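Shown next as structure tokens: one chain only, the form predicted alone.
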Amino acid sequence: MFHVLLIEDDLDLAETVIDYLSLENIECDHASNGVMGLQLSQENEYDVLLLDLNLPRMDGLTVCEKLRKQGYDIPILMLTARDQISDKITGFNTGTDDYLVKPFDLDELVVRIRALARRRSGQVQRLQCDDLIMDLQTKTVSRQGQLLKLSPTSWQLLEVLMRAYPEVVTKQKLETAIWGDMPPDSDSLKVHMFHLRKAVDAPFDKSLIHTIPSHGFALRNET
């Protein structure tokens, strides 16, 4: 069962959406203003956020922007009566993953939810694992407040690992992310992972990059 949050101040529309989603086996929490919605988003794990644009107390774009800057990668589907391309561009630039213009078909809403729920958002601006922080906006990586110097390849490897955290990333997926369909010799990834570990783990007491035998690599917050 998917678990979504609807942030919508139109209570009649919210009730209709919640009832319909329940028939589709989708559990839906509801917030009637932006401040409440932001708080629920921060306190709970949701598969998708359904976010109205025009909200009391805090508008939808501000909610979206705050979540992205704080590192939340929940997929966001913006619900709006605005159909101008400029409004959609503003939403995407703020961190929205998809748009649905009111009035919308409830069947289409369900299809969009299920598609978004299968992935995490690529719009997040801050990735974190324990004390390791990657800021995608400023293009910096730090650990325990210290800036780390990474090569472009190390940055790419770390970004893939941090987006997947705490899941395992296969060797093949890492090679594809760096070299596409034409990876170099078999030792190249091993060399680059050595340099990444040297930058990220060697100066600190706890290692975050772990080799998962026969599977690949993962970031893990373990001692």
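Residue positions are given as counts along the sequence shown, with the first one as 1. All values reported here derive from a predicted model rather than from experimental measurement.
Just so it is clear, the following notes concern the form predicted together with the DNA, a form of the same protein that is not shown.
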Just one stretch in 63 to 71, 33 to 41, 171 to 179, 50 to 58 has heavy atoms within 4.5 Å of the DNA in the predicted complex, so which one is it? 171 to 179
Partner contact for Ser142 in the predicted complex: the DNA, 4.5 angstroms, heavy atom: no
Within 4.5 Å, heavy atoms only: does Ser151 come near the DNA in the predicted complex? yes
Answer with yes or no whether Ser214 is in contact with the DNA in the predicted complex, where contact means some heavy atom within 4.5 Å. yes
The DNA contact at Glu45 in the predicted complex, heavy atom, 4.5 Å: no
Heavy atom contacts to the DNA in the predicted complex at 4.5 Å, residues of 188 to 208 in sequence order: Ser188, Lys190, Val191, His192, Phe194, His195, Arg197
